[in-house]
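Starting off, we have a lone chain in the form predicted on its own, written out as C-alpha coordinates.
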(Lines give C-alpha, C1' and ligand atoms only; values in the text may rest on other atoms or scores of the structure.)
Protein backbone atom coordinates (compact mmCIF):
# COMPACT_ATOMS: atom_id res chain seq x y z
CA UNK A 1 0.00 0.00 0.00
CA UNK A 2 1.43 3.39 -0.98
CA UNK A 3 1.91 6.26 1.47
CA UNK A 4 -0.74 8.23 -0.42
CA UNK A 5 -3.40 5.54 -0.01
CA UNK A 6 -2.43 4.89 3.62
CA UNK A 7 -2.83 8.57 4.56
CA UNK A 8 -6.07 8.74 2.56
CA UNK A 9 -7.70 5.78 4.32
CA UNK A 10 -6.57 6.98 7.76
CA UNK A 11 -7.98 10.43 6.99
CA UNK A 12 -11.32 8.99 5.88
CA UNK A 13 -11.58 7.07 9.16
CA UNK A 14 -10.67 10.22 11.13
CA UNK A 15 -13.46 12.17 9.41
CA UNK A 16 -15.93 9.47 10.42
CA UNK A 17 -14.64 9.51 14.02
CA UNK A 18 -15.52 13.22 14.25
CA UNK A 19 -18.98 12.33 12.97
CA UNK A 20 -19.51 9.67 15.63
CA UNK A 21 -18.36 12.08 18.36
CA UNK A 22 -21.16 14.47 17.45
CA UNK A 23 -23.86 12.38 19.13
CA UNK A 24 -24.96 13.53 22.58
CA UNK A 25 -27.67 11.05 23.53
CA UNK A 26 -29.73 8.34 21.86
CA UNK A 27 -32.80 9.64 20.08
CA UNK A 28 -35.67 8.28 18.07
CA UNK A 29 -37.04 11.74 17.38
CA UNK A 30 -36.77 12.89 13.77
CA UNK A 31 -36.78 16.57 14.76
CA UNK A 32 -33.80 16.12 17.10
CA UNK A 33 -31.97 13.98 14.54
CA UNK A 34 -32.62 16.41 11.67
CA UNK A 35 -32.32 19.77 13.45
CA UNK A 36 -30.40 19.08 16.66
CA UNK A 37 -33.25 20.42 18.79
CA UNK A 38 -32.87 23.83 17.09
CA UNK A 39 -30.03 24.69 19.49
CA UNK A 40 -27.11 25.63 17.24
CA UNK A 41 -25.49 29.03 17.63
CA UNK A 42 -23.94 31.24 14.96
CA UNK A 43 -20.54 29.48 14.97
CA UNK A 44 -21.96 25.99 14.43
CA UNK A 45 -24.34 27.40 11.84
CA UNK A 46 -21.34 28.93 10.07
CA UNK A 47 -19.64 25.58 9.61
CA UNK A 48 -22.85 23.74 8.74
CA UNK A 49 -23.79 26.20 6.02
CA UNK A 50 -20.22 26.56 4.79
CA UNK A 51 -20.37 22.82 4.21
CA UNK A 52 -23.09 23.45 1.64
CA UNK A 53 -20.82 25.90 -0.21
CA UNK A 54 -17.55 23.92 -0.26
CA UNK A 55 -18.16 20.52 -1.83
CA UNK A 56 -16.13 18.28 -4.12
CA UNK A 57 -17.28 20.47 -7.00
CA UNK A 58 -15.84 23.65 -5.50
CA UNK A 59 -12.60 21.98 -4.41
CA UNK A 60 -11.86 20.21 -7.70
CA UNK A 61 -14.44 21.75 -10.03
CA UNK A 62 -13.49 25.39 -9.53
CA UNK A 63 -9.89 24.63 -10.47
CA UNK A 64 -11.16 22.65 -13.45
CA UNK A 65 -13.50 25.43 -14.56
CA UNK A 66 -10.68 28.00 -14.40
CA UNK A 67 -8.52 25.61 -16.43
CA UNK A 68 -11.18 25.15 -19.14
CA UNK A 69 -13.09 28.45 -19.01
CA UNK A 70 -10.67 31.02 -17.57
CA UNK A 71 -12.27 33.95 -15.79
CA UNK A 72 -15.73 32.51 -16.47
CA UNK A 73 -15.12 30.60 -13.22
CA UNK A 74 -15.50 33.91 -11.37
CA UNK A 75 -19.28 33.64 -11.69
CA UNK A 76 -19.12 31.60 -8.46
CA UNK A 77 -17.69 34.44 -6.36
CA UNK A 78 -20.57 36.97 -6.23
CA UNK A 79 -23.69 34.80 -6.17
CA UNK A 80 -23.35 33.52 -2.60
CA UNK A 81 -22.81 36.98 -1.02
CA UNK A 82 -25.67 38.40 -3.13
CA UNK A 83 -28.01 35.61 -2.04
CA UNK A 84 -27.01 35.97 1.61
CA UNK A 85 -27.87 39.67 1.60
CA UNK A 86 -31.45 38.67 0.83
CA UNK A 87 -31.39 35.70 3.22
CA UNK A 88 -30.44 38.07 6.05
CA UNK A 89 -34.08 39.20 5.82
CA UNK A 90 -35.81 36.06 4.52
CA UNK A 91 -34.13 33.31 6.54
CA UNK A 92 -35.44 34.51 9.96
CA UNK A 93 -38.95 34.53 8.50
CA UNK A 94 -38.55 30.93 7.34
CA UNK A 95 -37.06 29.94 10.73
CA UNK A 96 -39.94 31.46 12.71
CA UNK A 97 -42.63 29.93 10.55
CA UNK A 98 -41.03 26.52 10.71
CA UNK A 99 -40.57 26.83 14.49
CA UNK A 100 -44.19 27.85 15.07
CA UNK A 101 -45.72 25.34 12.66
CA UNK A 102 -43.44 22.37 13.30
CA UNK A 103 -41.88 22.18 9.82
CA UNK A 104 -38.91 19.87 9.37
CA UNK A 105 -38.51 20.04 5.59
CA UNK A 106 -38.91 22.36 2.63
CA UNK A 107 -41.92 20.28 1.53
CA UNK A 108 -43.52 20.77 4.99
CA UNK A 109 -43.23 24.53 4.53
CA UNK A 110 -44.93 24.51 1.11
CA UNK A 111 -47.51 21.87 2.00
CA UNK A 112 -48.62 23.79 5.07
CA UNK A 113 -48.76 27.21 3.45
CA UNK A 114 -50.75 26.06 0.42
CA UNK A 115 -52.73 23.53 2.48
CA UNK A 116 -51.89 20.76 0.01
CA UNK A 117 -50.33 17.41 0.82
CA UNK A 118 -50.10 16.75 -2.90
CA UNK A 119 -47.86 19.80 -3.42
CA UNK A 120 -45.70 18.65 -0.50
CA UNK A 121 -45.43 15.19 -2.05
CA UNK A 122 -44.53 16.53 -5.51
CA UNK A 123 -41.89 18.94 -4.21
CA UNK A 124 -40.41 16.19 -2.02
CA UNK A 125 -40.15 13.83 -4.99
CA UNK A 126 -38.48 16.53 -7.09
CA UNK A 127 -36.13 17.28 -4.21
CA UNK A 128 -34.98 13.67 -3.84
CA UNK A 129 -34.68 13.09 -7.60
CA UNK A 130 -32.68 16.26 -8.25
CA UNK A 131 -30.39 15.81 -5.24
CA UNK A 132 -29.53 12.20 -6.09
CA UNK A 133 -27.06 13.15 -8.86
CA UNK A 134 -25.58 15.77 -6.53
CA UNK A 135 -24.96 13.01 -3.99
CA UNK A 136 -23.45 10.81 -6.69
CA UNK A 137 -21.17 13.71 -7.62
CA UNK A 138 -19.69 13.71 -4.12
CA UNK A 139 -19.05 9.97 -4.26
CA UNK A 140 -17.60 10.08 -7.77
CA UNK A 141 -15.44 13.08 -6.87
CA UNK A 142 -13.87 11.22 -3.98
CA UNK A 143 -13.21 8.23 -6.21
CA UNK A 144 -11.67 10.46 -8.87
CA UNK A 145 -9.35 12.02 -6.29
CA UNK A 146 -8.11 8.64 -5.08
CA UNK A 147 -7.68 7.31 -8.62
CA UNK A 148 -5.71 10.35 -9.77
CA UNK A 149 -3.52 10.21 -6.67
CA UNK A 150 -2.82 6.46 -6.76
CA UNK A 151 -3.39 5.56 -10.41
CA UNK A 152 -5.46 2.60 -9.25
CA UNK A 153 -9.18 2.17 -10.00
CA UNK A 154 -9.48 -0.63 -7.43
CA UNK A 155 -8.18 1.66 -4.68
CA UNK A 156 -10.68 4.26 -5.85
CA UNK A 157 -13.63 1.87 -5.54
CA UNK A 158 -12.49 0.57 -2.15
CA UNK A 159 -12.08 4.14 -0.85
CA UNK A 160 -15.55 5.13 -2.06
CA UNK A 161 -17.15 2.14 -0.35
CA UNK A 162 -15.28 2.65 2.93
CA UNK A 163 -15.94 6.41 2.97
CA UNK A 164 -19.66 6.19 2.34
CA UNK A 165 -20.30 3.20 4.58
CA UNK A 166 -18.75 5.35 7.32
CA UNK A 167 -20.84 8.36 6.27
CA UNK A 168 -24.02 6.30 6.57
CA UNK A 169 -22.88 4.99 9.96
CA UNK A 170 -22.19 8.37 11.55
CA UNK A 171 -25.25 9.99 9.98
CA UNK A 172 -27.48 7.23 11.42
CA UNK A 173 -25.71 7.51 14.78
CA UNK A 174 -25.42 11.28 15.19
CA UNK A 175 -27.73 13.00 12.71
CA UNK A 176 -27.06 16.66 12.03
CA UNK A 177 -24.83 16.95 15.10
CA UNK A 178 -22.41 14.55 13.41
CA UNK A 179 -22.45 16.72 10.29
CA UNK A 180 -21.66 19.74 12.45
CA UNK A 181 -18.61 18.16 14.14
CA UNK A 182 -17.19 16.86 10.85
CA UNK A 183 -17.71 20.31 9.34
CA UNK A 184 -15.20 21.79 11.79
CA UNK A 185 -12.52 19.33 10.68
CA UNK A 186 -13.43 19.61 7.01
CA UNK A 187 -13.16 23.39 6.84
CA UNK A 188 -9.92 23.45 8.84
CA UNK A 189 -8.08 20.91 6.68
CA UNK A 190 -9.52 22.30 3.44
CA UNK A 191 -8.43 25.88 4.15
CA UNK A 192 -4.96 24.85 5.32
CA UNK A 193 -4.43 22.67 2.24
CA UNK A 194 -5.71 25.36 -0.14
CA UNK A 195 -3.50 28.05 1.41
CA UNK A 196 -0.45 25.80 1.04
CA UNK A 197 -1.33 24.87 -2.54
CA UNK A 198 -2.13 28.39 -3.72
CA UNK A 199 1.36 29.51 -2.64
CA UNK A 200 3.42 26.40 -3.38
CA UNK A 201 2.02 25.31 -6.75
CA UNK A 202 2.49 28.63 -8.62
CA UNK A 203 5.92 29.02 -6.96
CA UNK A 204 6.95 25.51 -8.01
CA UNK A 205 5.82 25.68 -11.63
CA UNK A 206 5.98 29.35 -12.67
CA UNK A 207 7.79 31.28 -9.94
CA UNK A 208 4.69 32.67 -8.19
CA UNK A 209 1.14 33.86 -8.69
CA UNK A 210 2.23 37.05 -10.47
CA UNK A 211 4.45 35.09 -12.86
CA UNK A 212 1.57 32.71 -13.56
CA UNK A 213 -0.68 35.49 -14.77
CA UNK A 214 2.11 37.10 -16.79
CA UNK A 215 2.52 33.80 -18.63
CA UNK A 216 -1.23 33.51 -19.15
CA UNK A 217 -1.29 37.02 -20.64
CA UNK A 218 1.44 35.95 -23.06
CA UNK A 219 0.11 32.51 -23.99
CA UNK A 220 -3.64 32.44 -23.20
CA UNK A 221 -4.85 36.07 -23.16
CA UNK A 222 -8.38 35.01 -24.16
CA UNK A 223 -8.73 33.20 -20.81
CA UNK A 224 -8.53 36.51 -18.95
CA UNK A 225 -11.81 37.83 -20.33
CA UNK A 226 -15.24 36.43 -21.07
CA UNK A 227 -14.96 35.16 -24.62
CA UNK A 228 -17.18 33.45 -27.14
CA UNK A 229 -17.74 29.74 -26.86
CA UNK A 230 -19.29 27.58 -24.16
CA UNK A 231 -18.43 29.98 -21.34
CA UNK A 232 -19.56 33.22 -22.96
CA UNK A 233 -21.19 36.25 -21.33
CA UNK A 234 -24.67 34.72 -21.59
CA UNK A 235 -23.48 31.62 -19.72
CA UNK A 236 -21.63 33.73 -17.13
CA UNK A 237 -24.46 36.07 -16.19
CA UNK A 238 -27.31 33.56 -16.44
CA UNK A 239 -25.38 31.04 -14.33
CA UNK A 240 -24.73 33.71 -11.71
CA UNK A 241 -28.38 34.83 -11.66
CA UNK A 242 -29.76 31.28 -11.57
CA UNK A 243 -27.40 30.33 -8.74
CA UNK A 244 -28.20 33.48 -6.78
CA UNK A 245 -31.96 32.93 -7.03
CA UNK A 246 -31.63 29.25 -6.15
CA UNK A 247 -29.74 29.99 -2.92
CA UNK A 248 -31.81 33.07 -2.06
CA UNK A 249 -35.14 31.24 -2.23
CA UNK A 250 -33.82 28.11 -0.48
CA UNK A 251 -34.71 25.85 -3.40
CA UNK A 252 -32.25 23.15 -2.32
CA UNK A 253 -33.91 20.86 0.25
CA UNK A 254 -30.62 20.16 2.05
CA UNK A 255 -30.32 23.87 2.89
CA UNK A 256 -33.30 23.60 5.25
CA UNK A 257 -32.00 21.31 8.04
CA UNK A 258 -28.98 23.56 8.64
CA UNK A 259 -31.11 26.72 8.70
CA UNK A 260 -33.80 25.25 10.94
CA UNK A 261 -31.21 23.96 13.42
CA UNK A 262 -30.43 27.54 14.54
CA UNK A 263 -31.45 28.38 18.10
CA UNK A 264 -32.83 31.82 17.23
CA UNK A 265 -33.23 34.39 14.45
CA UNK A 266 -30.21 36.16 15.96
CA UNK A 267 -27.97 33.19 15.13
CA UNK A 268 -29.39 33.11 11.61
CA UNK A 269 -28.82 36.80 10.95
CA UNK A 270 -25.34 36.88 12.43
CA UNK A 271 -24.36 34.00 10.20
CA UNK A 272 -25.51 35.73 7.04
CA UNK A 273 -23.56 38.86 7.99
CA UNK A 274 -20.19 37.08 8.20
CA UNK A 275 -20.57 33.95 6.06
CA UNK A 276 -20.22 35.80 2.69
CA UNK A 277 -16.59 36.55 3.60
CA UNK A 278 -15.93 32.82 3.50
CA UNK A 279 -16.85 32.61 -0.18
CA UNK A 280 -13.63 34.50 -0.99
CA UNK A 281 -11.88 31.16 -0.45
CA UNK A 282 -13.47 29.97 -3.69
CA UNK A 283 -10.83 32.03 -5.49
CA UNK A 284 -8.02 29.82 -4.16
CA UNK A 285 -8.70 26.71 -6.29
CA UNK A 286 -9.32 29.03 -9.26
CA UNK A 287 -5.73 30.35 -8.99
CA UNK A 288 -4.50 26.75 -9.04
CA UNK A 289 -6.61 26.16 -12.14
CA UNK A 290 -5.02 29.16 -13.85
CA UNK A 291 -1.60 27.73 -13.04
CA UNK A 292 -2.64 24.48 -14.72
CA UNK A 293 -3.33 26.49 -17.91
CA UNK A 294 0.38 27.10 -18.40
CA UNK A 295 1.60 23.75 -17.06
CA UNK A 296 -0.68 20.95 -18.22
CA UNK A 297 -0.93 19.94 -21.88
CA UNK A 298 -4.00 20.94 -23.86
CA UNK A 299 -6.70 18.30 -23.64
CA UNK A 300 -5.98 17.34 -20.02
CA UNK A 301 -9.05 16.49 -17.94
CA UNK A 302 -10.21 19.67 -16.27
CA UNK A 303 -11.58 18.11 -13.07
CA UNK A 304 -8.21 16.51 -12.42
CA UNK A 305 -6.20 19.70 -12.91
CA UNK A 306 -5.62 20.43 -9.21
CA UNK A 307 -4.67 16.89 -8.26
CA UNK A 308 -2.50 16.52 -11.36
CA UNK A 309 -0.36 19.47 -10.26
CA UNK A 310 -0.27 18.25 -6.66
CA UNK A 311 0.95 14.84 -7.80
CA UNK A 312 3.79 16.45 -9.76
CA UNK A 313 4.87 18.89 -7.06
CA UNK A 314 4.59 17.05 -3.71
CA UNK A 315 5.67 13.79 -2.05
CA UNK A 316 3.19 10.96 -1.66
CA UNK A 317 2.31 11.59 2.00
CA UNK A 318 1.28 15.19 1.25
CA UNK A 319 -0.70 14.07 -1.79
CA UNK A 320 -2.56 11.84 0.67
CA UNK A 321 -3.37 14.86 2.86
CA UNK A 322 -4.75 16.71 -0.17
CA UNK A 323 -6.90 13.67 -1.00
CA UNK A 324 -8.14 13.62 2.61
CA UNK A 325 -9.18 17.27 2.21
CA UNK A 326 -10.98 16.28 -1.00
CA UNK A 327 -12.62 13.37 0.82
CA UNK A 328 -13.81 15.75 3.53
CA UNK A 329 -15.40 18.03 0.90
CA UNK A 330 -17.22 14.94 -0.38
CA UNK A 331 -18.21 13.18 2.84
CA UNK A 332 -19.48 16.15 4.86
CA UNK A 333 -21.74 17.66 2.15
CA UNK A 334 -22.92 14.13 1.33
CA UNK A 335 -23.96 13.69 4.96
CA UNK A 336 -25.98 16.92 4.75
CA UNK A 337 -27.57 15.76 1.49
CA UNK A 338 -28.57 12.46 3.11
CA UNK A 339 -30.29 14.25 5.99
CA UNK A 340 -32.19 16.49 3.56
CA UNK A 341 -33.24 13.62 1.28
CA UNK A 342 -34.14 11.06 3.95
CA UNK A 343 -36.27 13.53 5.90
CA UNK A 344 -38.21 14.34 2.71
CA UNK A 345 -38.87 10.63 2.16
CA UNK A 346 -39.94 10.03 5.77
CA UNK A 347 -42.04 13.19 6.20
CA UNK A 348 -43.54 13.89 2.81
CA UNK A 349 -43.37 10.79 0.61
CA UNK A 350 -43.79 7.67 2.77
CA UNK A 351 -46.54 9.06 5.08
CA UNK A 352 -46.21 6.78 8.12
CA UNK A 353 -48.68 6.66 11.02
CA UNK A 354 -46.40 7.11 14.04
CA UNK A 355 -43.29 9.06 14.99
CA UNK A 356 -41.37 5.84 15.57
CA UNK A 357 -42.21 4.40 12.14
CA UNK A 358 -41.38 7.76 10.56
CA UNK A 359 -37.95 7.68 12.19
CA UNK A 360 -37.37 4.09 11.02
CA UNK A 361 -38.35 5.01 7.46
CA UNK A 362 -35.91 7.92 7.67
CA UNK A 363 -33.08 5.62 8.76
CA UNK A 364 -33.88 3.15 6.02
CA UNK A 365 -33.94 5.96 3.47
CA UNK A 366 -30.39 7.01 4.47
CA UNK A 367 -29.12 3.50 3.73
CA UNK A 368 -31.17 3.07 0.55
CA UNK A 369 -30.32 6.40 -1.03
CA UNK A 370 -26.60 6.00 -0.30
CA UNK A 371 -26.57 2.46 -1.68
CA UNK A 372 -28.24 3.64 -4.89
CA UNK A 373 -25.84 6.56 -5.38
CA UNK A 374 -22.79 4.45 -4.49
CA UNK A 375 -23.83 1.66 -6.85
CA UNK A 376 -24.33 4.11 -9.70
CA UNK A 377 -21.01 5.83 -8.98
CA UNK A 378 -19.14 2.53 -9.23
CA UNK A 379 -21.08 0.71 -11.97
CA UNK A 380 -22.19 3.58 -14.19
CA UNK A 381 -20.33 6.78 -13.27
CA UNK A 382 -21.61 8.47 -16.44
CA UNK A 383 -25.27 7.49 -16.05
CA UNK A 384 -26.38 10.67 -14.28
CA UNK A 385 -24.07 13.13 -16.01
CA UNK A 386 -26.91 14.77 -17.93
CA UNK A 387 -29.26 14.54 -14.96
CA UNK A 388 -26.70 16.51 -12.93
CA UNK A 389 -27.43 19.43 -15.25
CA UNK A 390 -31.01 19.26 -13.98
CA UNK A 391 -30.11 19.65 -10.30
CA UNK A 392 -29.84 23.43 -10.28
CA UNK A 393 -32.21 24.09 -13.18
CA UNK A 394 -34.88 21.73 -11.85
CA UNK A 395 -34.83 23.01 -8.28
CA UNK A 396 -34.94 26.62 -9.50
CA UNK A 397 -38.51 25.91 -10.59
CA UNK A 398 -39.51 26.09 -6.91
CA UNK A 399 -38.68 29.82 -6.81
CA UNK A 400 -42.25 31.05 -7.54
CA UNK A 401 -43.83 28.70 -4.98
CA UNK A 402 -41.41 29.62 -2.20
CA UNK A 403 -41.34 33.31 -3.14
CA UNK A 404 -45.13 33.60 -2.98
CA UNK A 405 -45.22 31.72 0.34
CA UNK A 406 -42.80 34.24 1.84
CA UNK A 407 -45.29 37.04 1.21
CA UNK A 408 -47.40 35.58 4.03
CA UNK A 409 -50.54 36.04 1.92
CA UNK A 410 -52.23 33.42 -0.20
CA UNK A 411 -52.32 35.50 -3.36
CA UNK A 412 -52.48 32.41 -5.55
CA UNK A 413 -54.10 29.03 -4.95
CA UNK A 414 -52.26 25.75 -5.00
CA UNK A 415 -53.31 24.63 -8.50
CA UNK A 416 -51.71 27.52 -10.44
CA UNK A 417 -48.54 27.08 -8.39
CA UNK A 418 -48.50 23.34 -9.03
CA UNK A 419 -49.25 23.76 -12.74
CA UNK A 420 -46.46 26.29 -13.15
CA UNK A 421 -44.03 24.04 -11.29
CA UNK A 422 -44.84 21.00 -13.45
CA UNK A 423 -44.61 22.98 -16.68
CA UNK A 424 -41.27 24.44 -15.61
CA UNK A 425 -39.87 20.99 -14.80
CA UNK A 426 -41.10 19.56 -18.13
CA UNK A 427 -39.44 22.43 -20.01
CA UNK A 428 -36.15 21.85 -18.14
CA UNK A 429 -36.21 18.14 -19.02
CA UNK A 430 -37.17 18.81 -22.64
CA UNK A 431 -34.46 21.43 -23.17
CA UNK A 432 -31.81 19.29 -21.46
CA UNK A 433 -32.52 15.92 -23.06
CA UNK A 434 -34.43 16.77 -26.23
CA UNK A 435 -31.63 18.60 -28.03
CA UNK A 436 -34.11 21.43 -28.44
CA UNK A 437 -31.88 24.17 -27.08
CA UNK A 438 -28.38 25.17 -28.13
CA UNK A 439 -28.10 28.53 -26.35
CA UNK A 440 -25.88 29.27 -23.37
CA UNK A 441 -28.47 30.95 -21.14
CA UNK A 442 -29.07 28.82 -18.05
CA UNK A 443 -31.88 26.33 -18.73
CA UNK A 444 -33.37 26.95 -15.29
CA UNK A 445 -33.94 30.63 -16.12
CA UNK A 446 -35.40 29.78 -19.52
CA UNK A 447 -37.87 27.35 -17.92
CA UNK A 448 -38.86 29.89 -15.24
CA UNK A 449 -40.56 31.97 -17.94
CA UNK A 450 -43.29 29.42 -18.87
CA UNK A 451 -43.47 28.45 -15.19
CA UNK A 452 -44.43 31.99 -14.20
CA UNK A 453 -46.67 32.51 -17.25
CA UNK A 454 -48.71 29.40 -16.42
CA UNK A 455 -48.88 30.43 -12.75
CA UNK A 456 -50.16 33.93 -13.64
CA UNK A 457 -52.67 32.54 -16.14
CA UNK A 458 -53.95 30.12 -13.53
CA UNK A 459 -54.21 32.87 -10.93
CA UNK A 460 -56.18 35.06 -13.37
CA UNK A 461 -58.53 32.16 -14.10
CA UNK A 462 -59.06 31.56 -10.39
CA UNK A 463 -59.97 35.18 -9.82
CA UNK A 464 -62.31 35.14 -12.80
CA UNK A 465 -64.29 32.23 -11.40
CA UNK A 466 -63.98 33.56 -7.83
CA UNK A 467 -62.05 30.61 -6.50
CA UNK A 468 -59.27 32.39 -4.61
CA UNK A 469 -59.19 35.15 -2.03
CA UNK A 470 -56.22 36.97 -0.61
CA UNK A 471 -56.05 35.13 2.70
CA UNK A 472 -53.93 36.65 5.40
CA UNK A 473 -51.96 34.28 7.60
CA UNK A 474 -51.72 36.14 10.94
CA UNK A 475 -49.24 33.93 12.79
CA UNK A 476 -46.82 34.33 9.89
CA UNK A 477 -47.58 37.88 8.80
CA UNK A 478 -46.61 39.32 12.17
CA UNK A 479 -43.16 37.88 11.64
CA UNK A 480 -41.54 41.30 11.35
CA UNK A 481 -43.08 42.49 14.60
CA UNK A 482 -40.42 40.64 16.54
CA UNK A 483 -39.01 41.83 19.87
CA UNK A 484 -36.26 44.41 19.75
CA UNK A 485 -33.90 41.90 21.40
CA UNK A 486 -34.03 39.72 18.29
CA UNK A 487 -33.14 42.47 15.83
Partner chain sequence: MRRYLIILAIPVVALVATVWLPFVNRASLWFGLPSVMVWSVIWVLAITPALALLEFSPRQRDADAREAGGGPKR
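Numbering follows the first chain given and starts at 1. No experiment lies behind these values; they were computed from the predicted model shown.
Separately, the form predicted in complex with the partner chain exists; it is not shown, and the next lines address it.
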4.5 angstroms heavy atom contact with the partner chain in the predicted bound form for residue 191: no
Heavy atom of residue 78 within 4.5 Å of the partner chain in the predicted bound form: yes
Residue 317, heavy atom within 4.5 angstroms of the partner chain in the predicted bound form: no
The partner chain contact in the predicted bound form: residue 214, any heavy atom under 4.5 Å: yes
In the predicted bound form, segment of 321 to 329, 261 to 269, 137 to 145, 293 to 301 with a heavy atom within 4.5 Å of the partner chain: 261 to 269
Contact residue in the predicted bound form, from 359, 205, 237, 184 (heavy atom within 4.5 Å of the partner chain): 237
Heavy atom within 4.5 Å of the partner chain in the predicted bound form - residue from 229, 368, 210, 151: 210
Three-residue site 378, 380 and 462 fully in contact with the partner chain in the predicted bound form at 4.5 Å by heavy atom: no
Residues in 284 to 304 with any heavy atom within 4.5 Å of the partner chain in the predicted bound form: 286, 287, 290
